[in-house]
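In what follows, one protein chain appears twice in different forms, each by itself as structure tokens: structure 1 and structure 2.
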Structure 1
């Protein structure tokens, strides 16, 4: 059994060591891993405009990116790989709402330039190294 002073020393020592490990891992992530995995060098004005469109239209209210967001509509992290650029642009520029599988997609009717910006954003997202997310589907079932 530890005395009161030994327990305090053990707690404070463990806290300091754990905090130091946390700071080291945070520094490593921010200085090495994140820039390499996100490909910051590929961020263009078009990608940034696509991100602003994504946020201003509250797309995350229905869709997910990187597993974050609502689960009403499909995950869009690798949508260009799955569906292709022409399909995505057709959905974004559609003037009429459509309801695949009973889920209604709002008809935003984006302009060609806005659709191109969003496609550039989706392409950039698809190139981010997410350590295997989303997993490839098991088609052997």
Structure 2
């Protein structure tokens, strides 16, 4: 029967080995895959400003990108493909409350520049290779 010291070895050994593998895989992903899949060369200052606006207004508190965030408002990874740039800019700059299908969004009333930064961020996000996410609706008629 298993003794306490064997159990401890299982715990410590298992932890060290899996953590080492985890660090190795992480290092590989971050140094090889991420620059390619995210097209890091397109990560301009404007995109970074857009990311900052995305965060400082907690857009993730309602929306998702890359499927991450909250589930109150639409997924925005491919929003530029889906809606087009003028539509997205209109929503971002609107000072009047916006409530598609009755669901309200805070009227941020962003400036032209800020809206451009956010659009640049969404465009960059939309081009990241997400291993097939979001899926194509295969039952669509």
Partner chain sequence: MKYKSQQVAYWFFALSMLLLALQIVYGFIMGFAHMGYDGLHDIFPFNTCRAVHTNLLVVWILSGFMGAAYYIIPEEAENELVNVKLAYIQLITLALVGVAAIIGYHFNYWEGRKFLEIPRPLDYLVVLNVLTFLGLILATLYKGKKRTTTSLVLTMGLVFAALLYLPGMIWFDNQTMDSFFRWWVVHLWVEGVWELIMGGILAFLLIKITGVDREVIEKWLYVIVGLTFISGILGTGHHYYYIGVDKTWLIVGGIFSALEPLAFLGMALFAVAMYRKGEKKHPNKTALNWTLGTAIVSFVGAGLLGLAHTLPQVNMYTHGTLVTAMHGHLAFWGAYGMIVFAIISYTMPNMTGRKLFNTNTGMLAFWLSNIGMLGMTVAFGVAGVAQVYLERKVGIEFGLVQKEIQVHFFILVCCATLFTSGITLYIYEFIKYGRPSNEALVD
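Keep in mind it's a predicted model, so treat the numbers as computed, not measured. Positions refer to the first chain, counted from 1. Here the rigid core means the biggest group of C-alpha atoms that line up within 1.5 Å when the two forms are laid on top of each other.
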Query raised in the report: Two forms of the same chain here; which is the form predicted in complex with the partner chain?
Result: 2
Query - Is_shifted residue 66 between structures 1 and 2 (CA, 2 Å cut-off, rigid core) - result: no
Query raised in the report: After the core is overlaid between structures 1 and 2, has the C-alpha of residue 24 moved by 2 angstroms or more?
Result: yes
Query raised in the report: After the core is matched up, is the C-alpha of residue 126 off by 2 Å or more between structures 1 and 2?
Result: no
Report task. Would you look up how far the C-alpha of residue 15 moves between structures 1 and 2 when the rigid core is overlaid, in angstrom? Result -> 6.7
